[in-house]
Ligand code: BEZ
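One chain is shown next in structure tokens, namely the form predicted on its own.
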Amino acid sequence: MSSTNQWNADKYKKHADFVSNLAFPVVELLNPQENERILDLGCGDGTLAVEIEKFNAKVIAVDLSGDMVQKTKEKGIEAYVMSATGLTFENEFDAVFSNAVLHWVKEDEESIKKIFKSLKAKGRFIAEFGGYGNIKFLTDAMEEVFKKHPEFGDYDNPWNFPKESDYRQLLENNGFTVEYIELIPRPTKVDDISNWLDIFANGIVSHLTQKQQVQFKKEAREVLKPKIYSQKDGWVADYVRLRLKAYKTV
């Protein structure tokens, strides 16, 4: 069984800044208002929290990574180490905003209940994260390498990429009115797939020896190259995002 993914804020900034750079349409969907209290759930290094505070809203940021929380605090944002299923807020926020985080949360319903509880009456929940079909080439390639190497143990997929209809149902079952929800294919350029694996899949291979981890990356890269690499475009990950806007119905 793999352990939790480990986040290195500097490496993330260098090789994965596309995560926040591509999130500005989600900030637009949030449409922050002056003096609103907004929870940034899974704040990463605080890049988007800073953008939201430019609207004169007050952002409270949380992330499971202590390294990311420290980087966020250094940007002047109030931030805490906290998970999506461990939120301790109650009727506190005008909006909960989350970008590229909830696909790491397998306990969908528990996180939705905590988000609901955190919101004020009529508060809104704005999110974008990996949806059904997201990185299928990547997950298939990783699974293929594990099957080829029984000594690696079982492949433990850490992600949850829900269907639009399933997530809508969960939101509605837990007190939300869904204004908008959509699956959006978004092929995304990455600098090198080895760096992507380093950042986003390190939890999958954390139980392997250093030599096995190198072998895993090398073989996954070989499987993926004919599928998601071209001389013209470089490496393009097969991202599919689930974007939504919902309201607390009380």
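Remember, predicted model here, so these are calculated numbers, not experimental data. Numbers for residues come from their place in the sequence shown, where the first is 1.
Beyond the structure shown, there is the form predicted in complex with the ligand, which is absent from this document and is the topic of what follows.
Put simply, Trp159 is close to the ligand in the model of the complex: some heavy atom of it is within 4.5 Å. Although the partner is absent here, Gly130 is a contact residue: one of its heavy atoms lies within 4.5 angstroms of the ligand in the model of the complex.
The ligand is not shown here, and in the model of the complex it never comes within 4.5 Å of any heavy atom of Trp235. Put simply, His103 is close to the ligand in the model of the complex: some heavy atom of it is within 4.5 Å. This chain is displayed alone, yet in the model of the complex one of Asn174, Ser118, Asn134, Ser83 has a heavy atom within 4.5 Å of the ligand; that residue is Asn134. The stretch among 164-172, 103-111, 119-127, 90-98 whose residues place heavy atoms within 4.5 Å of the ligand in the model of the complex is 103-111. Along 181-212, these residues reach a heavy atom to within 4.5 Å of the ligand in the model of the complex: Trp196, Phe200.
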